[in-house]
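What follows is a single chain, given as structure tokens, in the form predicted alone.
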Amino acid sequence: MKEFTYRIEDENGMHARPAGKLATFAKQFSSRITVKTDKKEGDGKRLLSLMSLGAVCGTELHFLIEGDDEAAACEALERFCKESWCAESGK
């Protein structure tokens, strides 16, 4: 299992656009991708599951990746989170 933590810096949190992009991106990997906050967890490949986390600015998302391509998935997802949310917030 591989894991990493990403803190949401976008003032809008994880709204529909970044959650949809994240779910779509995660689907390219065969590994199981679980995203957790301090209160909830969701399937990283499902938009509604990610939206149900209620992640706002400052929320730490803990990603757990398990499967055949976990190393590649972990690296790619961590890079995706950093680039995607920075692009969304204009940073």
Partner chain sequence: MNVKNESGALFHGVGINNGCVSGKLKFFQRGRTGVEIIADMPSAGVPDVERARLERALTQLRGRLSELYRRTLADVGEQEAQIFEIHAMLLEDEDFTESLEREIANGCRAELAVQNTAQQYAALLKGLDDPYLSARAADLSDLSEQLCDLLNGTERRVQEKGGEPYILVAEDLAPSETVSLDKSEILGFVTFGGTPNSHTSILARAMGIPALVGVGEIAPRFDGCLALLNAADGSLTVCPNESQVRAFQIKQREENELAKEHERYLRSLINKPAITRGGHKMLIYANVGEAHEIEPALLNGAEGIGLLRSEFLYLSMDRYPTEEELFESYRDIVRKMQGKRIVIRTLDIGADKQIPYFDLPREENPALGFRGVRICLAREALFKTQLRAILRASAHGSISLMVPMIVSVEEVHRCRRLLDECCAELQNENIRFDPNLEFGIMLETPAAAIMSEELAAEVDFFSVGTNDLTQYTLAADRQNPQVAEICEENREPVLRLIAQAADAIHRHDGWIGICGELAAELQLTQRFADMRIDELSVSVPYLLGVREKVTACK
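Numbering follows the first chain given and starts at 1. Values in this document were obtained by computation on a predicted structure and should not be read as measured data.
Although not depicted, the form predicted in complex with the partner chain is the subject of the following passage.
J.: Any chance Lys36 has a heavy atom within 4.5 Å of the partner chain in the predicted bound form?
T.: No.
J.: Would Leu64 count as a contact of the partner chain in the predicted bound form, using a 4.5 angstroms cut-off between non-hydrogen atoms?
T.: Answer no; every heavy atom of Leu64 is more than 4.5 Å from the partner chain in the predicted bound form.
J.: When the contact criterion is heavy atoms within 4.5 Å, does Ala16 count as touching the partner chain in the predicted bound form?
T.: The answer is yes: Ala16 has a heavy atom within 4.5 Å of the partner chain.
J.: Can you tell me whether Arg46 touches the partner chain? I mean in the predicted bound form, with a 4.5 angstroms heavy atom cut-off.
T.: Arg46 belongs to the contact set for the partner chain.
J.: Using a 4.5 Å cut-off on heavy atoms, what residues in 10 to 28 are near the partner chain in the predicted bound form?
T.: The stretch touches the partner through Glu11, Asn12, Met14, His15, Ala16, Arg17, Gly20, Lys21, Thr24, Lys27.
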